[in-house]
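Given next, in C-alpha cells, is a single chain: the form predicted on its own.
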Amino acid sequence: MNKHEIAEVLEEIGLLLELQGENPFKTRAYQAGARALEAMEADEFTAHMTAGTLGELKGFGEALVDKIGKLHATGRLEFYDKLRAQIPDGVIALLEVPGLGPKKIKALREQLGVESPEALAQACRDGRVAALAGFGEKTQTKLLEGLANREAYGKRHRWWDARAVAQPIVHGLRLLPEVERAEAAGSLRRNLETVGDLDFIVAARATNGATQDAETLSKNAAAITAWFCGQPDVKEVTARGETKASVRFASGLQADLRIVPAEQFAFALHHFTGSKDHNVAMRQRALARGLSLSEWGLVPEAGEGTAKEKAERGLSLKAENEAELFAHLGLAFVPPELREGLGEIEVAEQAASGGCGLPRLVEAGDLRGAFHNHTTESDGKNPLIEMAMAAEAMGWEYLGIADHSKSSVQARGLDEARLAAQVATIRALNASGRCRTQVLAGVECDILPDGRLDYSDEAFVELGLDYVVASVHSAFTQDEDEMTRRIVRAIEHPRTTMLGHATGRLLLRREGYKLNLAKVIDAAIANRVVIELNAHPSRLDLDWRLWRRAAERGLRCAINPDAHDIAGLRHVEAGVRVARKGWLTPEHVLNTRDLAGVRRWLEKRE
C-alpha cells in the first residue's frame, strides 16, 4: 500500500474504535497518524520505510509503526480485519445517516440496541430516541428525515460512481469480436448528477463473410449476453433473453443490455438515452411529418403493422448515427446532455435553418486550471508541491490553492500566521521554477453566521491573496431569509472573489440549506462575483438547471474540483459535464482563460 491508502485504513481504524467506545486517546492516535502520513511527501515516506526510521518521528509509536509497516509490505492488517468483523454492517451503515456520529451511534446501541438504519427508524417512530439524554424531539425528527432521504437516495447512484462501473463494460463490449458498436445510454450519457440504473446499447455483427445472416446475428447476440452476465461484479442476473439481459451489481446498481441490428443502433441509442420529455418532443415532431419515431427506426406513420414490423420490412429511414436521425427531422445534432425537453428542439431547428443555434459547449480541454483546491495545510491529503506537480501533469497553466480558514477547526483551518506562511511558500515555489504550473494563493474563507468573513479587512490587506472563495460551513439550519442575507452580505464584501458550493448540498446524503438562490445570483452578478460549479461528485453545486438563465444574465462560472488530493483534481470532468448540461460555453467559465487572462480578471474583474 502507498501512504494515502495506509492513511485511509488508519482513519477507519480510529472510527471503528470510536464506535466501540475505545479510549479517545487511542482513537485520536490513529487519526493523528493518518494526518501525519498525509502531510509527508511521498519520497520522505519511502525513505523512512526503507531506513526503518518512521518511529523516530513525533506521533509514531511502536504499535502504530508496526501496523504501518505491515500495511506497506503486505497490504493487509489482521488487527484491522478482526476489528471490522466485530462491527455489524448495519452499524457501519448508520454512519451514512446525517446527524449521526460514532458517539451517538454508541449510545443508541447501548441504550436501545439499535444496530441498523431500520432499527433506528423504528426506535424514532416509537419515540424512544427522543427520550434519550443528548437527543430529544428535534434530533429524532432530523434522524427520521435523514433516514427517509437515505432510503430514497439509496435507489440512485452518483454519476461518477456509475461511470466507474459503466466504462470498463463499454470497453469490454467493444473488444468482443461479435460487437460492431457499443455505448452507454440513459441518464449516465445525459450526464445527470445521479443515475438510477445503467443502459447499454450494442450493435451485434450480423455478417457471415459478405452476407447478412440471421443465424450469425443470433449466435453473436448470445455470446454478448453471456459475456455481460458473466462480469465478475455481477451479483444477480435478474433477466436474460436472446437480445436483452438485466443484472444487478454488488453496489446495488442495476444494468440493462439491449442488442440490436446495426441499422437500428442510432435509433435505439437515441431512444434509450432519453430523456422522456425530449423523446416525446421528438416523436411529436416526427408525427407532424407523417413519420413514427421509436427505438426501431423512423418509419411512415401510415400503413399496416407496428413500428417494429415496419422497420423489419426495411421501411425505416437510414441513419448511421444520431446526427443523421436529427437531420431527418430538420434538426441540428443535439448533444446528449441537452436532451431534457427544455427548449433544445427549438434551438436545434434554428441551427439547422442557419439561424442562431446550439452553442459550442465547454469541454474539459478548455480548462487552463482551477481555483478551489486543498493541501495538507488544512484537510487535504497531499502537500502543496504534489498538488502543483499533479496540475502540471494535467497540462494546467495554474492551480489555485484555497485551504480552509481558521473557523473551520474540524478541517485544521489556517489562522492569519499560517496563511501568511503558506502565501510565502507559494510565492517561493513559483519563483523557484520547480513547477511549470503557477500556483495562485487563495483561501476558502468561512462565511460566519452573520455574513462576515473569517478574517478582518486589515488581515486581507496584509495577506496579499490572489483571490478569496467564500463558503458556508456552519449554521446550516438558519431559515431561508437569514441564510440568504448571510450569503448576500458575504458576496458584497469587496474581498470576495467567488462563492463556493452555493447550496451546501451533498448528493444522496444531504439537501442544501434553505436559500433564495435568485437573490444570491442577482447579488453575484451585481458585484461581479463568480459562483463556482463545485465539481466534487457529491456536490455538483450550483445545480445545472440554474446555469443557463444565470449565464445569459452575466453570471460568471468557475469549474472547481474542490480537490483534497491529487486524484480529486480529475473531478473537473464531472463539473464540465454538468456545465454542459447548463448550456455553458468556454466564454462563461473563468478558468478557460489563460494565466494572464485570469490574473487580469482577478485584479480588475473584467
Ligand code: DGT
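Keep in mind the model is a prediction, meaning the values are calculated, not measured. For every residue, the number given is its place in the sequence shown, counted from 1.
What comes next is about the form predicted in complex with the ligand, which is not displayed.
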| query | finding |
| --- | --- |
| Contact residue in the model of the complex, from Glu337, Glu178, Glu397, Asp197 (heavy atom within 4.5 Å of the ligand) | Asp197 |
| Answer option from Pro359, Gly274, Gly512, Pro102, heavy atom within 4.5 Å of the ligand in the model of the complex | Gly274 |
| The ligand in the model of the complex reached by all of Thr243, Thr306 and Lys308, non-hydrogen atom within 4.5 Å | no |
| The ligand in the model of the complex: contacting segment from 367-375, 186-194, 215-223, 436-444, heavy atom within 4.5 Å | 186-194 |
| Any non-hydrogen atom of Lys318 within 4.5 angstroms of the ligand in the model of the complex | no |
| Touches the ligand in the model of the complex: His171 (any heavy atom, 4.5 Å) | no |
| Touches the ligand in the model of the complex: Arg283 (any heavy atom, 4.5 Å) | yes |
| Arg156: touches the ligand in the model of the complex, heavy atom cutoff 4.5 angstroms | yes |
